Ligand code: UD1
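Next up is one chain by itself, shown in structure tokens, the form predicted alone.
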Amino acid sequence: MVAVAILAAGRGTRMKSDLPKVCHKLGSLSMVERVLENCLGVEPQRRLVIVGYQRERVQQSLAAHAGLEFVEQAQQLGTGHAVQQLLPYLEDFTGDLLVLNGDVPLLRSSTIKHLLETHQTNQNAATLLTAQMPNPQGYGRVFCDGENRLTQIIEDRDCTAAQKQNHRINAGVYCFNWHKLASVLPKLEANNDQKEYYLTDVVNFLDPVMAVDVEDYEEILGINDRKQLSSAYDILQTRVKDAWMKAGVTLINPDSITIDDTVELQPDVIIEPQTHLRGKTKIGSGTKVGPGSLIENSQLGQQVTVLYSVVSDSVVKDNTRIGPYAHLRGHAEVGEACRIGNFVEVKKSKIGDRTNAAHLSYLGDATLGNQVNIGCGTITANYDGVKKHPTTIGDRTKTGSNSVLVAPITLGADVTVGAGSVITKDVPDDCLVIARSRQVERKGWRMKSDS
């Protein structure tokens, strides 16, 4: 059996924020959510989050993650003290315990799995994740024998010049035999300047203890301030974008593009500069997005074009053109081979195949059939000041420029709406409808002068 404990009790004063440090977002997920996601590969039977500062807020932020156990660390007296709080919770537990940090969100699932496998294969009492740092100044050094069994950990300030040539440092990530760890946790003492209980001290009481080097030292970087958060995001973005380019996606000027790691792309997608892909977005083969576009929690089919536009919580089917400067939101659904053009907003509407709204229109709470043509400036007036109302437009219907359709209203198939009309009543199939005042001309008329 495997249990995972995530240390998430600290405030993170260097973040200069009222928000607990582990709740700060790194891309689409908070730091602590990333740690939870990264440990799923080892299929833990129990997941415990040690909380302290604003514990209710941390718990609330993780409400969507079923099966978590929250352990309170009322006083933050070090990592050893945090793990001591697990003793009553894991009293009958007999497996291995992974200890992860809620502010170290870049660990790969494969790294955590390798740590656990090494620990179990060698039947270690404890296994430490270590890293070969290019510049280890300030970090304690980990010393091992030829079989990577731990011999000692020496703080940087206590290292000799020769010892400082060792670049292996402790990553602060551990795997323990819980039964053996539980027997030595009460032995920890706070004999240091900070008066804290350090988890590293337990290795003095355990045997055997082994070190495992992480392949990429950037995985173990902790986040303590906004600058480090930004650096971590850059690392995450590099991983994501490198992976997609290897998978056949073209990124033009990758440094100007951001892609959440929850996004799914097919080969031959082209992402132009200044484009951002967020959330549960899926994009089909041959689609070109950007420049200057935001796609969030949306699905784009194959051979779609999106130019200088925003698409959120919506679906766009194959061979459709969006933009420039269009906005799809609120679960809009656009069919195949459509055009949603310049300065068109579509909200919570379903648009049939081969339907066009080329420019300067608002379609809200509407259902449009196939081959509809929406003239420039057409508006569905869906709000009466209290409620939203639907508009339905049949196949092959055309609206003239500057038309207003006052909902609730239904236009049948093959209807033509004259330009400048305000339509307030349902229109049957195969009609021309004009609803505007007759033009009046008064010859010789001038506005009266005040003088």
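In case it trips you up, residue 1 is the first one in the sequence shown, and so on. None of these values were measured; they are calculated from a predicted model. In this text, the rigid core denotes the largest set of C-alpha atoms whose superposition between the two forms falls within 1.5 Å.
What comes next is about the form predicted in complex with the ligand, which does not appear here.
For the options 224, 121, 163, 238, the one in contact with the ligand in the model of the complex, meaning a heavy atom within 4.5 Å, is 224. When the ligand is considered in the model of the complex, only one residue from 342, 373, 303, 170 comes within 4.5 Å through any heavy atom, namely 170.
Here the marked residues 8, 76 and 102 all reach the ligand in the model of the complex, each with a heavy atom within 4.5 angstroms. Within 4.5 Å of some heavy atom of the ligand in the model of the complex lies at least one heavy atom of residue 200.
In the model of the complex, at least one heavy atom of residue 174 sits within 4.5 Å of a heavy atom of the ligand. At least one heavy atom of residue 82 is located within 4.5 Å of the ligand in the model of the complex. In the model of the complex, the ligand sits within 4.5 Å of a heavy atom of residue 140. Residues placing heavy atoms within 4.5 Å of the ligand in the model of the complex fall in a single listed stretch, namely 94-102, out of 238-246, 252-260, 295-303, 94-102. Once the cores line up, the CA of residue 345 ends up less than 2 angstroms apart between this form and the one not shown. In the core-superposed comparison between this form and the one not shown, residue 141 has its Cα shifted by at least 2 Å. For residue 201, the Cα coordinates differ by 2 angstroms or more between this form and the one not shown after the core has been superposed.
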